[in-house]
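Only one chain is shown below, in structure tokens, and it's the form predicted alone.
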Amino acid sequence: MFSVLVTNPKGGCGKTTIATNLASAFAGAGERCVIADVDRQLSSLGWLKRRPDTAARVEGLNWTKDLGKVPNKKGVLVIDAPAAVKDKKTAALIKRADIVVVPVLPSVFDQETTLAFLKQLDALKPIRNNKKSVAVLRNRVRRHTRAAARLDFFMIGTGRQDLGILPDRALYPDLAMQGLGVFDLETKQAQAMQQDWQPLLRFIEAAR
């Protein structure tokens, strides 16, 4: 399986929201999709339990105690990493991933933590040798604000591929409560929001 790791040691940056919506996107497109939950809170697996039978099927793996092997099947594995992950575990997760997605919020605290984490990733051999791609996704952004402008400037300084912006939308937590993602809906609002995900989806597709 092609593996996408969603990670950042900063808690609350939206890793699970991104992981679950990616899973809904791949499953909705007819692909076999598995989500591996590495966080002890098991938020992604909780999302799966709430997911209705009428929604496209997503399988779940509990990797909280031991990191499992990537399934030897066609499809996509989305790995939802925990916050405050230790260096050895980060290296083990990177080993299992084909690409790494790092979400960051428009907050100076998030940006400082993210910048330090990107430097940590650069020290890992698979990334240092350009065998693994790392990209940054700006999350929960309110456009045309000073915080959004500062985040734009931060992105330039990272030197990483920019996966665009996911605006701050009230629909995301509402869908999470139902075990759904934005790709499970066909409303005009959902279809408009799906466009925000296209840079990330194109990044993933180009790496496969």
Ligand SMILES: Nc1ncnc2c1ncn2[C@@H]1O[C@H](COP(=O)(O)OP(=O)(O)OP(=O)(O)O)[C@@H](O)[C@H]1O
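In this text, residue numbers run from 1 along the sequence as written. Given the structure is predicted, the values throughout are model-derived calculations rather than measurements.
Beyond the structure shown, there is the form predicted together with the named molecule, which is absent from this document and is the topic of what follows.
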property: Partner contact for residue 167 in the predicted complex: the named molecule, 4.5 angstroms, heavy atom; result: yes
property: Proximity of residue 51 to the named molecule in the predicted complex, heavy atoms at 4.5 Å; result: no
property: 4.5 angstroms heavy atom contact with the named molecule in the predicted complex for residue 83; result: yes
property: The named molecule contact at residue 30 in the predicted complex, heavy atom, 4.5 Å; result: no
property: Residue among 59, 152, 39, 162 with a heavy atom within 4.5 Å of the named molecule in the predicted complex; result: 39
property: Stretch in contact, per heavy atom within 4.5 angstroms of the named molecule in the predicted complex, of 71-79, 119-127, 88-96, 134-142; result: 134-142
property: Partner contacts for 1-33, taking the named molecule in the predicted complex and a 4.5 Å heavy atom cut-off; result: 10, 11, 12, 13, 14, 15, 16, 17
